[in-house]
Structures are given as C-alpha cells and as structure tokens.
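There is one chain below, alone, in structure tokens, taken in the form predicted alone.
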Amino acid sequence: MNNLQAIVKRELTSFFATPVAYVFILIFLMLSGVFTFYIGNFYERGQADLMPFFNFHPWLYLFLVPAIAMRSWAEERKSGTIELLMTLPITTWQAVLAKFIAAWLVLGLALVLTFPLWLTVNYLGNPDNGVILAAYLGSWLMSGAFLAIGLCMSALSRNQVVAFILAIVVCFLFVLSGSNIVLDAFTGWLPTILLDTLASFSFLTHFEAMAKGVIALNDVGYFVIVTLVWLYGSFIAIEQNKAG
C-alpha cells in the first residue's frame, strides 16, 4: 500500500509540476461554463437543475480525458523512464493502478471546482441536491472509464499523438453506440435483443440515468467493469513491453 501511495504521489506531483493539470482544469471549467450557459440555455429553461451542465460531460470527456491520459505511459516509454519505474519495488499492477488513481483525482478536482455552478443553481431556485450529487458521482465514474481507455491506448504506443487519436476513436465508439443516430440506423433489421445489447455498451445510456438521480447497481457496475477491463489491458501491454 505504501508503494502504491508513493507512486500516486509521484504521478500527482508530475501533473502539477507541469502545466498539464492546470491547463486541463482551466479548459474543462471554461467549456463547462460555455456549454451550460450558452449552448445549454441554462437561464432560458427556467428550471433549477444542472442538466445542461451534465448533458455535455460525455462529449467534454471524449476529447479532454484522452488529452490528459496520452502522456502517462507513452512519455515514460519514449523517455526511457519506464525502465526506471519498473526497477522500483512495485508490481506492474500497482504502477497501472497508481497512474489511474492520480489522473482520476485530477479529474475529480476539476469536477469539484465546478461548485460555483451548484451555488448558482441553489441561489436561483430550490434544486434537488440529491439528484445533483448522483450526477456528479456518475460523471466521475464515467470519467474513470474514459481515463482507463486513454491509459490503455497510451500503454500501447510510444507516440502521444497516436495514443490520443486511438483513445478518442475507442471512446467515441463507446459513446456513440447508445445514440439515437446509431440505434435508429439499426432499428428494423436488428433484433430487439441485439439492439438493446448495443445500447447497453454506451456510456450515454448508463450516464443519463445517473444524471437524473437514479443510482442503479447495473450503471455503477458497468463503469467499474469497463474501467477494470481497460486497466487490465494496460497491464497486459506493459507486461508485453517488459518481456520485449
């Protein structure tokens, strides 16, 4: 556990020793404000909730999370520091988990710093804060799934740009599989059970329920399983790199 904490601290320090974390948080906060107030018609809706804010999170994460994940393993491999990391008395799984936890904490901090939106909606009306809290939890869990995919793509490539593009493509498939565009395209010639299965892989399907305040075990379990599967993918990629 001490080794895990030490690597998490090392990764967090590296995030804040460079502009990476600051730029990510700043862009996230700026885009959240723009999407909520201008595109989401926050005031025009006349409702005291944060749905315009949470509705855009899957699309914000689609581009921003791969950006923060792309350097994690790719930079270590390119600079050769991965060999140094692997000489430390830690297991590969601890290194994978530590990098995930550190980046996930940065994502959590970005979400916490959106508290002025919560203050605003409480000032303007009487929102259901339980629903808002559930939506925040769902958003953080979903960001973990995006992050695990991004870290796996970073573990597969020495090039950060390649890792970034691969992560966006894979994440896009997970987001789009539950969209009306895709489901409408397959409706009529795919059996209902296959259509439901396709939709069940979507981040949108599972996040929309949580954004409405419904914390269901299958939605929480889905994001946890997706995260663990892709973290295991990172583990396999790093182990193969060590063997090579």
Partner chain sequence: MIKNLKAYAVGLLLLLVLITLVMVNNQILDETRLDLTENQVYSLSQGSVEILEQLEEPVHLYYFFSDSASEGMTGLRNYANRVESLLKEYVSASEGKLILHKIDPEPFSEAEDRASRFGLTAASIGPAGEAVYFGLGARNTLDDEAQIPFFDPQQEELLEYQLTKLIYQLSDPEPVQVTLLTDVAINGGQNPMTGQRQPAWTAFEQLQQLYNLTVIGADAKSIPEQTDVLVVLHPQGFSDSLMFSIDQYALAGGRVLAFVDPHHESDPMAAMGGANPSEFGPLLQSWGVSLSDEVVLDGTAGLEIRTATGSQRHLGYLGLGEAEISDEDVITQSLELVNGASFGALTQLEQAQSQWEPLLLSTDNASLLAASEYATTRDVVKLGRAFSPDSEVKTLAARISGKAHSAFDKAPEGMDVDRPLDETDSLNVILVADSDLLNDRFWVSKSQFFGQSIVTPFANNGDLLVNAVENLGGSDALISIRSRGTYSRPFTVVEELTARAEQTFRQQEQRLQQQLQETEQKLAQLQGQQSETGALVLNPEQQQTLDEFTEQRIEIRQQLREVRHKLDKDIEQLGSWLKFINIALAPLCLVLILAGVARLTRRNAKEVLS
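Just so we're clear, the structure is a prediction, and the values are computed from it rather than from any experiment. Between two forms, the rigid core is defined as the largest C-alpha subset superposing within 1.5 Å. Residue numbers count along the first chain shown, from 1.
Not pictured, yet referred to below: the form predicted in complex with its partner chain.
**Student:** I'd like to know whether A67 contacts its partner chain in the predicted complex, with contact meaning heavy atoms within 4.5 angstroms.
**Tutor:** Flag for A67 set to no.
**Student:** Does the 4.5 Å heavy atom contact test between E75 and its partner chain in the predicted complex come out positive?
**Tutor:** E75: no, not in contact with its partner chain in the predicted complex.
**Student:** With the partner left out of view, is L109 within 4.5 angstroms of its partner chain in the predicted complex by any non-hydrogen atom?
**Tutor:** Contact with its partner chain, yes.
**Student:** Consider L183 of the chain shown here, and say whether it contacts its partner chain in the predicted complex, taking contact as heavy atoms within 4.5 Å.
**Tutor:** Yes, L183 lies within 4.5 Å of its partner chain in the predicted complex.
**Student:** Determine which one of 113 to 121, 87 to 95, 140 to 148, 159 to 167 lies within 4.5 Å of its partner chain in the predicted complex, judging by heavy atom distances; exactly one does.
**Tutor:** That would be stretch 113 to 121.
**Student:** Going by its partner chain in the predicted complex, which residues of 125 to 143 come within 4.5 Å of it through any heavy atom?
**Tutor:** If the 4.5 Å heavy-atom criterion is applied to its partner chain in the predicted complex, 125 to 143 yields G125, N126, P127, D128, G130, V131, L133, A134.
**Student:** Quick check: L195 between the shown form and the other one - does its CA shift reach 2 Å or more after fitting the rigid core?
**Tutor:** L195 C-alpha, core-superposed: shift of 2 Å or more.
**Student:** Mind checking the CA-CA distance of L50 and D184 in the predicted complex? It differs by 3 Å or more from this form, so is it closer or farther?
**Tutor:** Distance between the C-alphas of L50 and D184: longer in the predicted complex, by 3 Å or more.
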